[in-house]
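The form predicted on its own is given below as one chain in structure tokens.
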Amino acid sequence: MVVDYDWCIGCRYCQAACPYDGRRFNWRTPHVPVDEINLNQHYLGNRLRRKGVMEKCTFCIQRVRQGRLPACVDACPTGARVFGNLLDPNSEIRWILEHKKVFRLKEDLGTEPKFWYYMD
């Protein structure tokens, strides 16, 4: 679930409830040089967050909706990250899930995480 920065009041209940420790509280006012601000900011993705709100990874929702990979996957020099459509039987992620040893963190909680770790 993404964080709506306009609705977040900074109570941090979502941080306390997240079993994966995947949310972070923005303690400081962001200081980004004006010439480095991306003016094409996406509502749920890459816009600047104000002080006092929660943050979490959105897997670059703005990029994925354009058919691109999340920035971390695109930039990874070793190819250690894979992102794909689980519904596509011919996708790389489906092949990995079927042929590699995989595990998910805290799978026993029944939250059905969609983030797998795999080994060769």
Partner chain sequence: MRVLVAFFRDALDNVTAGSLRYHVWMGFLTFMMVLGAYAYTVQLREGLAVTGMYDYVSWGLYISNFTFLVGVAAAALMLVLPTYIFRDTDFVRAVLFGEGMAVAALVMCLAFVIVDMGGPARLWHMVPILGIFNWPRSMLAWDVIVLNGYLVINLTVPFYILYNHYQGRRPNPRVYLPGVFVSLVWAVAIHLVTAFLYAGLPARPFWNSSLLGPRFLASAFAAGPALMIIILTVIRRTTPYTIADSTLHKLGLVVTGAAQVNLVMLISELFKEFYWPTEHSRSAIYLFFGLDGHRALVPWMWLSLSLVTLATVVLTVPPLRQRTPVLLTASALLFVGIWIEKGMGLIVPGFVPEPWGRMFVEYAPTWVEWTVTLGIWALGAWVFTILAKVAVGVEVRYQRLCKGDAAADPSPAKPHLISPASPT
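Here, rigid core means the biggest group of C-alpha atoms that superpose within 1.5 Å across both forms. Bear in mind the structure is a predicted one, so any value in this text is a computation, not a measurement. Numbering follows the first chain given and starts at 1.
There is another form of the same protein, the form predicted in complex with the partner chain; it is not shown, and what comes next is about it.
Trainee: Which residue among R50, R81, R47, R68 has a heavy atom within 4.5 angstroms of the partner chain in the predicted bound form?
Mentor: Only one listed residue qualifies here, and that residue is R50.
Trainee: The chain here is shown without the partner chain. Which stretch in 89-97, 31-39, 70-78, 50-58 comes within 4.5 angstroms of it in the predicted bound form, by heavy atom distance?
Mentor: Answer to the contact question: 50-58.
Trainee: So in the predicted bound form, does D21 come within 4.5 Å of the partner chain, heavy atom to heavy atom?
Mentor: Yes.
Trainee: So in the predicted bound form, is the partner chain close enough to K101 to count as touching (4.5 Å, heavy atoms)?
Mentor: Contact with the partner chain, no.
Trainee: Quick one: is W7 in contact with the partner chain in the predicted bound form, heavy atoms, 4.5 Å cut-off?
Mentor: Contact check for W7: yes, within 4.5 Å of the partner chain in the predicted bound form.
Trainee: Going through 85-119, which residues have a heavy atom within 4.5 Å of the partner chain in the predicted bound form? Please give them in sequence order.
Mentor: Counting only heavy atoms within 4.5 Å of the partner chain in the predicted bound form, the contacting residues of 85-119 are L105, K106, L109.
Trainee: Indicate whether T111 shows a C-alpha shift of 2 Å or more between the shown form and the other one, with the rigid core used for the fit.
Mentor: Comparing forms between the shown form and the other one, the T111 CA shifts at least 2 Å.
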